[in-house]
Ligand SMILES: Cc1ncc(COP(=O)(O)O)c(C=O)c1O
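Take a look at this single chain in structure tokens; it is the form predicted on its own.
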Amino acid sequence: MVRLKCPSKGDKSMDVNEVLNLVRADVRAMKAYSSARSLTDGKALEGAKPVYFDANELPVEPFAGGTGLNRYESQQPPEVLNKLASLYKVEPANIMMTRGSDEAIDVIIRTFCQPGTEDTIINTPPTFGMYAQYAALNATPVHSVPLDPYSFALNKDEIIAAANGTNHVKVVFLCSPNNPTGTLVDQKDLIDVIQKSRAIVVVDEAYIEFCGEQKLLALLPFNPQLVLLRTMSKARGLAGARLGCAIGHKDVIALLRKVLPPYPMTRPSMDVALRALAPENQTQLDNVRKILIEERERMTLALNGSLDVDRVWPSATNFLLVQVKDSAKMMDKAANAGVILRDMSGLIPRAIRITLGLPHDNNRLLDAWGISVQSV
């Protein structure tokens, strides 16, 4: 087990001022947009219910039962923000809520990387494609440090050297557990990159609930260059609600919130998030996660027994990366049975990504691929 510890005085870990100096100068100088209503967020107002004359909204609901839909939500609705802070055991000031964690990726790149300059991000392919996609949209170069092709391990020394060299690297994006490989990045490698890089290090933990959680949250008080991404879309079952967050040092989060739009959250999304985070619903989702983890083991055994399958990669997520002899044939077999898979052969030779479902749906795939359900 890797022990997480505060850096000693002899370490050269970044302090918060060094981290803030990585932010674009124009963003640092920019005055954050502040709605009149945000000034009252979380405050008890005396007397009668407030009358909102500040945001040019319609004074009536659009239809019977459309409670609150005629009003903008605040940028960071306190009720949900406080729930997330409690869930992740941090302060509300350490969190920026976003429309899925995708939006957090975009905001981070726009906060630290000046478009059209040498400001650069690092990614580690094969990995989540949106790091490079948002960099391209921001006219930001991408320096790729590929994962080891035989193990999908992190080439940490190359990442650290690139982040500390003359590559103008502002942000390092790491994904653990990684998408699309499903592999969990070695925690010591992650810690080394976080503590030895002179750049912002973003660790995308979208799938962390499907494995024994790594304790990177404990590093936050001592490593202001670390930003963690979490999402409600995967293990918490809210993909349709679009809610994620970035977690980091409060001063870094404050600057990220400058770049976030003033009204990104919706009332329906906030309502369903509060319902989903209720203890009874979290217990139900915990039980579903246990089933999916059991199915991960069962499906791995079943798929490895097929002559059409070359390899099933170890997974710490709710999906399996499967390398087959003929990806086009196996994709067609699944599609003909009404099973939709993700062809990853453009990134990894003959690879297909399979999201795990409940047992009866998983059996449909096994049947489509001619694998006996009775044998597993």
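Start at 1 and count along the sequence shown; that's the residue number. All figures in this text were calculated on a predicted structure; none of them were measured in a lab.
Although not depicted, the form predicted together with the named molecule is the subject of the following passage.
Segment that reaches the named molecule in the predicted complex - one of 98-106, 69-77, 296-304, 262-270, heavy atoms within 4.5 Å: Answer to the contact question: 98-106.
Triplet Arg24, Asn138 and Thr140 all within 4.5 Å of the named molecule in the predicted complex via a heavy atom: Looking in the predicted complex, the three residues Arg24, Asn138 and Thr140 all stay beyond 4.5 Å of the named molecule (heavy atoms).
The named molecule: the contacting residue among Arg257, Arg236, Arg110, Arg242 in the predicted complex [heavy atom, 4.5 Å]: Flagged contact: Arg242.
Listed residue (Asn223, Asn94, Ser197, Thr231) with a non-hydrogen atom within 4.5 angstroms of the named molecule in the predicted complex: It is Thr231.
Partner contact for Tyr207 in the predicted complex: the named molecule, 4.5 angstroms, heavy atom: Flag for Tyr207 set to yes.
Partner proximity in the predicted complex: Tyr88 to the named molecule, non-hydrogen atom cutoff 4.5 Å: Heavy-atom contact with the named molecule at 4.5 Å: absent for Tyr88.
4.5 Å heavy atom contact, Leu84 to the named molecule in the predicted complex: Answer no; every heavy atom of Leu84 is more than 4.5 Å from the named molecule in the predicted complex.
Exercise: Thr181 in contact with the named molecule in the predicted complex, heavy atom 4.5 Å: No, Thr181 stays farther than 4.5 Å from the named molecule in the predicted complex.
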